[in-house]
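The same protein chain appears twice below, in two forms, each given on its own as structure tokens and labelled structure 1 and structure 2.
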Structure 1
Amino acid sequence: MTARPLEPGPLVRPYGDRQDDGVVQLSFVLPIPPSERAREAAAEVARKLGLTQVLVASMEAAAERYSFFVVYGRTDVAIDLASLQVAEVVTRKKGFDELNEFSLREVGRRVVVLGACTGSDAHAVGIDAIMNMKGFAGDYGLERYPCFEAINLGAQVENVELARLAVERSADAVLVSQVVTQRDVHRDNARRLVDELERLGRRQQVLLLLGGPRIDHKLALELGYDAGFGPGTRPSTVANYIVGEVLRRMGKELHG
């Protein structure tokens, strides 16, 4: 789960109408009402970002004295894939029945997993998609797995309370969903749980997973978590990761 280089490959450029044409699309808001001056201001923003052949495709009133723009332009930027360092969660994937049978046999008990949206975050869609029995996109949630004792605590759970419950229930893993990101509140809130578990002397005993629309594995590691999962993550990916990490901490591996 460390940064690793991708396989060598060609340079890649943004694709609009044809390959390598460098066309990109931007959308943004300016604090001015719609007008021809506002349209030109949006075009100038794109030019100052380094785009050429700029076209303001759409200008709409976003609110009183605000305008929303969609702008097209061209860039000469190209990316060397071989130079990228990518932090990602790597798991060995097993199917639903296979993972349950394997985990119960190798771990020897049900793995205890708590899930919650913490702090003031009231958006429970993400944590529900991973935890609830129905799951997401035809992929069963953790509550349906016999190998897990999965407890969805819902939204607006205080970090102090979540840490207390993690200790009280001897949780193997805690899943935290953060959707609200204004002014980086998701960063501060996520760190509070880590700090609280460290204060209780239990951080090393609990596997911490962080997810949400602005979350990736790199950010999660920076905030003190063990893994990060972004938009579109399937419950089965999280399930396999948890079992694999629990076994690794027991000195075993996810194989067989």
Structure 2
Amino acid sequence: MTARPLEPGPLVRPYGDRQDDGVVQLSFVLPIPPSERAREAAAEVARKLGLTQVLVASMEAAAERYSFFVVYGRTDVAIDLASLQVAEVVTRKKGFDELNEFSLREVGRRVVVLGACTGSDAHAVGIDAIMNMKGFAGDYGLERYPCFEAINLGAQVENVELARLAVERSADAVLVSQVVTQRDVHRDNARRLVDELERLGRRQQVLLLLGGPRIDHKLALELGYDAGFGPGTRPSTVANYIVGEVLRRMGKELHG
């Protein structure tokens, strides 16, 4: 993942079949049966969203008292990419062998990494994809790297227990996965680990990574973590990030 700084430049607009036509498609349900009034209500929803040239392409009864709509419209909004604030984990990658060799030499020992899906969340596949030998999409997991001592604790791990283990094992990094996000359960739960490590006086010693399909770097920072990783994350990206950060904390650099 390399962030290319964008030149302030042309604005972008949604693209239908011609540059800057601003075409947008929407679908939604209104809690009324189909009728001409319902169709107009759907069009009005789109207009109030700022769309013009609104076309209600489909209106169907989804149930006795509900109508399903597909609506097209055009928007005038244009976005200046340079004006956006984007939080992103930036990692330049070394290959598998190179990273292992470099890390073992420069760190001088194996980097201890704990991984878990915490609280009542039972989804283990995401954290397994990052931690287990097999890895994800042909990219090896951290257990396969000689430069890591990687311990995958699985799912439903209590925060208190995880913090205790982090201290006991002198973990360099703790990887937390959160998949269930309904009603924001993941926020409180993810924060709890940070609180617990702070209570133990060890927050600063541990690199904290948060990941999952609804996680991004910005959210992770907000919750008190050092980095966040979203859907499709590759273990090699995580490996490079961890080694880079551990070295940085030692006053060294991964890419000299």
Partner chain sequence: MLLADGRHVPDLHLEPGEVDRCRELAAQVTAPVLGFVAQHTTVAIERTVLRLLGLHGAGPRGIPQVNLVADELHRRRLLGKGAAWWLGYVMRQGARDPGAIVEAIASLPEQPAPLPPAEEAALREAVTRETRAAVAELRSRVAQRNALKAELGTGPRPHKYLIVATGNIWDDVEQARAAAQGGADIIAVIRSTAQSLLDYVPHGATTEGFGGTYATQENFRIMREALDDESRRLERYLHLTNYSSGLCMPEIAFAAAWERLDMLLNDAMYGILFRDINMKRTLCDQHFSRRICALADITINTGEDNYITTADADEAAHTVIASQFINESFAHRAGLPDRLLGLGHSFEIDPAREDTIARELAQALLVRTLFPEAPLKYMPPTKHKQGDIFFSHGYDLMADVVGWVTGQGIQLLGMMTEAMHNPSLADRYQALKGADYVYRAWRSMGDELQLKPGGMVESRAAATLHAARLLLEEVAADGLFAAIGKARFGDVARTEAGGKGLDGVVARAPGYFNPLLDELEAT
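What we label the rigid core is the largest C-alpha set whose atoms superpose within 1.5 Å from one form to the other. Residue numbering: sequential along structure 1, first residue numbered 1. Quick caveat, the model's predicted, so the values are computed rather than measured.
Looking at both structures, it is structure 1 that matches the form predicted on its own. Residue displacement note: residue 132 has its CA displaced by under 2 Å between structures 1 and 2 (rigid core superposed). Annotation for residue 156: C-alpha shift under 2 angstroms between structures 1 and 2, rigid core superposed. A movement of the C-alpha atom of residue 224 falling short of 2 angstroms is seen between structures 1 and 2 when the two forms are aligned on their rigid core. Core superposition gives residue 31 a CA displacement of 7.2 Å between structures 1 and 2.
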